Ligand code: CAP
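Next comes just one chain, in structure tokens: the form predicted on its own.
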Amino acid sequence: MLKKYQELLDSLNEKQQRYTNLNLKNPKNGQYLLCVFHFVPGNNLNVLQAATEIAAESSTGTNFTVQTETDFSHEMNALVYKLDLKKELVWIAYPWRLFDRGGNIQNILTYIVGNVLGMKQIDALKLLDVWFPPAMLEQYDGPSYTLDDMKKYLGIKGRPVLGTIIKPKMGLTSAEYAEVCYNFWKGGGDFVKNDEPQANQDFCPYDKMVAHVKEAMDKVVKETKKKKVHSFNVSAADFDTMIERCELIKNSGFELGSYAFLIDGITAGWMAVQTLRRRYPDVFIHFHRASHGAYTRPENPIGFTVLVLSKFARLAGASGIHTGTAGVGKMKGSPKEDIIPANNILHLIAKGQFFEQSWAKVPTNSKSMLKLVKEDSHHHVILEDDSWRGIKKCAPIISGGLNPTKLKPFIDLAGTTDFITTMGAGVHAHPDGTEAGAKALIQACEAYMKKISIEKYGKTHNELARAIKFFSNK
């Protein structure tokens, strides 16, 4: 094997040698952002030649050495520092000083999964995992308003935030939409979200939808004496319209904490995500990942994983991001694809597919940080009043084909109740309607918390019994 590596090194030209260091000492010394790719070379290059071309294109270089290079620019070169020839893996270290010091996520992704995904030198290039050094974390916002804040507002402990997506996803008038919200909240649900295409359609004007949701929320809070949350999609054609929607919601009389801003993070862009985080630090920023499958599906050889997407969402400051149902629901996924990302955005220190990421900004061997890590492992609130010590948690948001019968199976798989679940048809398809569907969801959660099977609990709770019968036949 050593001979093979030497042959690969000997095959490099002068330019390619500048983007290679298979003897890089301590790549986790804080100078580099680290990436590991599944990589299959193309264009008749061997794996190391092609990998160095990827490192060049994704940092300082182009297809030829240019006369304008300097000794300093060479210090900014990305470096191929490790290969696994059997598994077709390549590790690349990027000096993090390459990146916009304004905490710019799109700038990083433009480098590491930008032009490189279209190069002739690749037949497959999938970013599997990424590692951020502590000094780099200092430059980025991370979440401000977190799942812990939402749970405090709602007054809940020891269970998920139980939510829904209004269905049908399109076609309801503003009044009809608000009526479905009211019915779900009346049944006991916590959280309602716009579906990701919700905007300013002619049959459901945005301003009327917001006004009617406010009326429905006020009515149900008065009746139930319980707080509720609605997540509004503020994605728009331009910056000004996005901010206008945020300000409309903010100025409509909603209590702070009762609304979230949903942004279609991939289609609207990282600039929109980070703008919301910076302009509205006291609002839950809800990252919907529509179109992610084009990059993340495992059969796609080009792109990045759910783990990578989720880590960048936390770094950018999203309060929560959809992470998938790990195969429990209708969307394609597995524990490796979906649970590992959920853990990585929830915890202070978590193992990814290749890297163990610490989200601490201070040394992890300090007494205060060791205490926080211990508290985190016991599912306590962390980094509540001490955000200088690390990047706060980002909530997994779980949706796609779930229903009350699948709540416990997902909790068991995830190993946590620190998430928001948003069941659509799993609530609204209940034979007795939305309010009964919400009650069935609440009852399924009660059964989990009381450690009683849903079948046994359903014997004394009609809505749950009806849900079990209905969904078990589908």
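Position 1 is the first residue in the sequence shown; the rest follow in order. None of these values were measured; they are calculated from a predicted model.
The protein also exists as the form predicted together with the named molecule; that form is not presented, and the subsequent description refers to it.
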Could you tell me if residue 440 has a non-hydrogen atom within 4.5 Å of the named molecule in the model of the complex? no
Do residue 61 and the named molecule come within 4.5 Å of each other in the model of the complex, heavy atoms counted? no
Taking the named molecule as it sits in the model of the complex, is residue 401 in contact with it (heavy atom to heavy atom, 4.5 Å or less)? yes
Hey, in the model of the complex, is residue 425 touching the named molecule, heavy atoms inside 4.5 Å? yes
Between the options 187, 324, 143, 390, which residue brings a heavy atom to within 4.5 Å of the named molecule in the model of the complex? 324
With the named molecule left out of view, which of 169, 120, 226, 208 would have a heavy atom within 4.5 Å of it in the model of the complex? 169
Quick check: do 165, 195 and 288 each get a heavy atom within 4.5 Å of the named molecule in the model of the complex? yes
Segment assignment from 23-31, 52-60, 417-425, 443-451: heavy atom within 4.5 Å of the named molecule in the model of the complex: 417-425
